[in-house]
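Coming up is one lone chain in structure tokens, specifically the form predicted on its own.
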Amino acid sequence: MTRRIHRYGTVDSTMRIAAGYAALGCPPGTVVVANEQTAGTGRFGRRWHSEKGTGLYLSQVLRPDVPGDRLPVVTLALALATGDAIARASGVICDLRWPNDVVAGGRKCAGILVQLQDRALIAGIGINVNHAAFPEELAGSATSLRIVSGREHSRDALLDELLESIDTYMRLFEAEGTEPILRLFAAASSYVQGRRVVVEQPQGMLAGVTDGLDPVGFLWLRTETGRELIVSGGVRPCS
């Protein structure tokens, strides 16, 4: 397919720029890629470490033809696409940590952020590709494809694989709905079923054992007091 890719050197956030293109009515599939972000964001407004020249930082405008109540599954589809693209481009096999983290060697190597902009979805994806090290506050939780594999990787090749993979999963989602995405995500993730985790919630930390996904893509958690549906929050394995 013909795709518009806008490449930048240093930007504050690819999400912001992609949202601007979406507001102007850009076609679906439009991509913004940057060599560096000075204010990249993750979930809950956290900063995404976007070191110059080492990672893949992009946002894509999506306009899926699906009912609004199915949109939370888009994040899961993008996580699947990211994991598959990383495997094909680098040989690194990743785990998926619900709902938006891609994990290699027990640490996060990629993350997904999806925001609604008018009638479009802005899908931000950050992948730690050739980082040799991370700031002290991230060193215990973050990794890169270079650290895991012991060699550097082509960011351009990874971008090509990622965009093709996103197309594949979004076509599947639009054609067949949520079921195949939920099934594939559950198969690719060690966090969906039977994993003892803690979940960061506004009211504090919640501990339990994961118990599958609901039809919308939210996570079931069995706790000491019953079964709770997790619609958001940072999921981490119990140490």
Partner chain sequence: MNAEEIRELIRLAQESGVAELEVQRGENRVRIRLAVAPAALDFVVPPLQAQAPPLNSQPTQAAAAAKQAEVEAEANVLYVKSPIVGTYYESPAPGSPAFVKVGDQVSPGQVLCIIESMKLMNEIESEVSGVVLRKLVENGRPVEYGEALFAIRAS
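Numbering follows the first chain given and starts at 1. Source: prediction; values computed, not measured.
Unshown form predicted in complex with the partner chain; subsequent notes refer to it.
Subject >> Sole residue of 112, 81, 103, 159 within 4.5 Å of the partner chain in the predicted bound form, by heavy atom >> reply: Of the listed residues, the single hit is 112.
Original post:
Exactly one of 94, 121, 166, 89 has a non-hydrogen atom within 4.5 Å of the partner chain in the predicted bound form; which residue is it?
Top reply: Only one listed residue qualifies here, and that residue is 121.
**OP:** Although the partner chain is absent from this view, report whether residue 127 comes within 4.5 Å of it in the predicted bound form, heavy atoms only.
**Re:** Outside the cut-off, so no.
**OP:** Please check if residue 71 has a heavy atom lying within 4.5 Å of any heavy atom of the partner chain in the predicted bound form.
**Re:** So residue 71 counts as contacting the partner chain.
Subject >> 4.5 Å heavy atom contact, residue 143 and the partner chain in the predicted bound form >> reply: No.
Original post:
Closest heavy atom of residue 108 to the partner chain in the predicted bound form, within 4.5 Å or not?
Top reply: Looking in the predicted bound form, residue contacts with the partner chain include residue 108, since a heavy atom lies within 4.5 Å.
Subject >> 98, 116 and 218 each touching the partner chain in the predicted bound form (heavy atom, 4.5 Å) >> reply: All of them do, each having a heavy atom within 4.5 Å of the partner.
**OP:** From the candidate stretches 166-174, 202-210, 51-59, 29-37, select the single one in contact with the partner chain in the predicted bound form, where contact means a heavy atom within 4.5 Å.
**Re:** Stretch 202-210 is the one.
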